[in-house]
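Only one chain is shown below, in structure tokens, and it's the form predicted alone.
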Amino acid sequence: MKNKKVLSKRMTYVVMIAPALILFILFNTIPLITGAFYSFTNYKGYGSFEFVGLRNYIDLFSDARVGNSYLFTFKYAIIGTLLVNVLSLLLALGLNSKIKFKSALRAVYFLPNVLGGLVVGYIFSFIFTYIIPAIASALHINFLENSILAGEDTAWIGVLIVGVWQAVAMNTIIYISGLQTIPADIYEAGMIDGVTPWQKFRHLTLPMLMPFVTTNLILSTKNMLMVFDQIMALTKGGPAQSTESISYLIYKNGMDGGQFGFQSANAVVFFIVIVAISIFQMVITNKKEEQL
């Protein structure tokens, strides 16, 4: 009888997991394997193809456009990840304190995450292109009279503002969840010892929050590296390819530019880079957790 119950329990788990596993294989694993296969070919996205071995991977390292897209993406990801986590932590500390309308404010701050990236991008595109220049012109603020999206040196700032604004929402919720797991007894003991607000944050809050910092750093870095929607809506990689991220380049040249095989190789390398960065972050943050 006991064996039947155990077997029944296992079957229930299998039935619960199977649909998610099948969907994951269909829409994640199979496309990944297919892309890796095409990365060794000269496939254009249509018609026949031939195997070219490692030629696509070798050509990646001599392609200036690919190199520039990696430089832009890393710059965007590093600055964006720092801004997102600093702002998210500050907001979480504020929303977790004893203030009125906490629930309503949390809902307001989470709203950007509910909206689609393209929708948000198109709204900000209108703001950057028409509203801000009009206000700047009326106030005679010369450097804002032209849209920041029109300049090669400033367009990335517009993309960054939108990306950070939208990413802060989820990270804030995660930090709030972490802050609520910290026992009140720890803070009471700290107050008895006479700790300052900075000492309270540095020696009490931060060590207890480190697992959530690790999670947020990995998620935000990955999301920033894969920036696509904001670029599609705001700049389409311009002006003069100055905001062309790796994801956008893979999509544009792989789907429309007849470089399906070449960009598949780019996608494989990019996948390896993201995994390597995530592992590196986990190792570093885990060491920090142990030290704290």
Partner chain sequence: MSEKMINVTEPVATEPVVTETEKKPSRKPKTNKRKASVFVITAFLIIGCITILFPLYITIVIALKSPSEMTNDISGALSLPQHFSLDNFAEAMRVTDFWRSLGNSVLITGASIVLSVIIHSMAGYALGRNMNRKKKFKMIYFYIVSGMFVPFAILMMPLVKQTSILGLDNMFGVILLYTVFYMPMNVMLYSGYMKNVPLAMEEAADIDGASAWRTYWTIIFPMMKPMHATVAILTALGTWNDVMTPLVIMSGSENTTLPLAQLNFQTQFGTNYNLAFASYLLALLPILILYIFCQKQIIGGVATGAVKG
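Between two forms, the rigid core is defined as the largest C-alpha subset superposing within 1.5 Å. Positions refer to the first chain, counted from 1. What you are looking at is a predicted structure, and each value in this text was computed from that prediction instead of being measured.
The protein also exists as the form predicted in complex with the partner chain; that form is not presented, and the subsequent description refers to it.
J.: Within 4.5 Å of the partner chain in the predicted complex, heavy atoms considered, which of Val86, Ile78, Ile99, Ile141?
T.: Result of the distance check: Ile99.
J.: Which one, Ile173, Leu204, Leu160, Leu82, lies within 4.5 Å of the partner chain in the predicted complex by heavy atoms?
T.: Of Ile173, Leu204, Leu160, Leu82, the residue with a heavy atom within 4.5 Å of the partner chain in the predicted complex is Ile173.
J.: Candidate spot Phe51, Arg55 and Leu179, all three in 4.5 Å heavy atom range of the partner chain in the predicted complex?
T.: Result no, not one residue of the spot touches the partner chain.
J.: Look up in the predicted complex whether Pro31 has a non-hydrogen atom within 4.5 angstroms of the partner chain, and give yes or no.
T.: Yes - in the predicted complex, heavy atoms of Pro31 and the partner chain come within 4.5 Å of each other.
J.: May I ask you to check whether Ile127 falls inside a 4.5 Å heavy atom distance of the partner chain in the predicted complex?
T.: Judged by the heavy-atom cut-off of 4.5 Å, Ile127 is in contact with the partner chain in the predicted complex.
J.: Can you check whether Gly254 is within 4.5 Å of the partner chain in the predicted complex, heavy atom basis?
T.: So Gly254 counts as contacting the partner chain.
J.: If we define contact as a non-hydrogen atom of the residue within 4.5 angstroms of the partner, is Phe27 a contact of the partner chain in the predicted complex?
T.: Yes - in the predicted complex, heavy atoms of Phe27 and the partner chain come within 4.5 Å of each other.
J.: With the partner chain taken in the predicted complex, which residues across 115-131 come within 4.5 angstroms through any non-hydrogen atom?
T.: Those in contact are Leu115, Gly116, Leu118, Val119, Tyr122, Ile123, Phe124, Phe126, Ile127, Tyr130, Ile131.
J.: Taking the rigid core as the frame, does Ile272 move its C-alpha by 2 Å or more between this form and the one not shown?
T.: No, the C-alpha position differs by under 2 Å between this form and the one not shown.
J.: Relative to the superposed rigid core, does Ser137 relocate between this form and the one not shown - that is, does its Cα move 2 Å or more?
T.: Yes, Ser137 moves 2 Å or more.
J.: Phe61: with the rigid core matched between this form and the one not shown, does its Cα shift 2 Å or more?
T.: Phe61: C-alpha displaced by less than 2 Å between this form and the one not shown.
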